[in-house]
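Take a look at this single chain, the form predicted on its own, given in structure tokens.
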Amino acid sequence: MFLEVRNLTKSFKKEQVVKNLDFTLDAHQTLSILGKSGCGKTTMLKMIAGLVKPDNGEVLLAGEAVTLKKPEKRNIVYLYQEDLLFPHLNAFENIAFGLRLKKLPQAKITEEVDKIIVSLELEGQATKMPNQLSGGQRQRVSFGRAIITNPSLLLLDEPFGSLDAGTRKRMQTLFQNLTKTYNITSLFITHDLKEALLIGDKIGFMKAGNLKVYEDKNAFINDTTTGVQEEINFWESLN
């Protein structure tokens, strides 16, 4: 197993937000995680990223314990719903930022960024500033900045939540292509059932701080406690 999360817990004051989190994920797979607001999804991601210290438990990547490592030492990238681009840098320089920190030669930076720009379907947008880009384009630049550093794990917290339906659908397809091209391992939080089923190799459902990861998508769909059957029945009733 590439990612191992063992008995991870977190409380804020008297409220236990994450309870005995215990799951694994193979390399180059995406785990989609559904759950209502306030169920602990974001706190879980932040503990894995090192942004929030757990009360108990541990996180392992490729067999190495990273629980006590600082966030910048984990080779994990956290993507928020907001793109959080540097407003003073154009699209090319936003994507190149991580490579410049590594002090790679300019020729190598240009080669890698140009390749990512093609993968992200951002040809012709490289010199534009963030305020000149659409929401979908900004989110693609954000993806590029994350992927180009070759992180071990990508954590995505409702990355398409602020996009319109058409752009969101295009980004879902683009994300699927990127995960294959760059062998990405990721946790993908979403409120959208269809998106979770489309993007995830595995599905997890979080409720009141507890996460259940299903053996396969059929097991998730057939679990009456998730509310999936009610949603399916609703759409079928409209036909």
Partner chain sequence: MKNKSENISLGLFVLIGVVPFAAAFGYAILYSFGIIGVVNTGFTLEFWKAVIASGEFFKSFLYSAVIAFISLLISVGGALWIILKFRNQLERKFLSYISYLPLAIPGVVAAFFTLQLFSKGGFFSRISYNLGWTETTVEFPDLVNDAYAIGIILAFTTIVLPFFVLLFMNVYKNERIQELSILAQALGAKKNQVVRKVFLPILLQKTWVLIVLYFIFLLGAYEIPLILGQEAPQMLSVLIIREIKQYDLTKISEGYVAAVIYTVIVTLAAIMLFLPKKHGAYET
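Given the structure is predicted, the values throughout are model-derived calculations rather than measurements. Positions refer to the first chain, counted from 1.
Only in words, not in the display: the form predicted in complex with the partner chain, which the text now covers.
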All of Gly161, Thr173 and Thr225 within 4.5 Å of the partner chain in the model of the complex, heavy atom check: no
The partner chain in the model of the complex: contacting segment from 203-211, 33-41, 64-72, 189-197, heavy atom within 4.5 Å: 64-72
Non-hydrogen atom contact Arg140 with the partner chain in the model of the complex at 4.5 angstroms: no
Close approach of Gln106 to the partner chain in the model of the complex, 4.5 Å, heavy atom: no
Proximity of Val118 to the partner chain in the model of the complex, heavy atoms at 4.5 Å: no
Phe97: touches the partner chain in the model of the complex, heavy atom cutoff 4.5 angstroms: yes
Members of 74-105 lying within 4.5 angstroms of the partner chain, judged by heavy atom, in the model of the complex: Ile76, Val77, Tyr78, Tyr80, Glu82, Leu84, Leu85, Phe86, Pro87, His88, Phe97, Gly98, Leu101
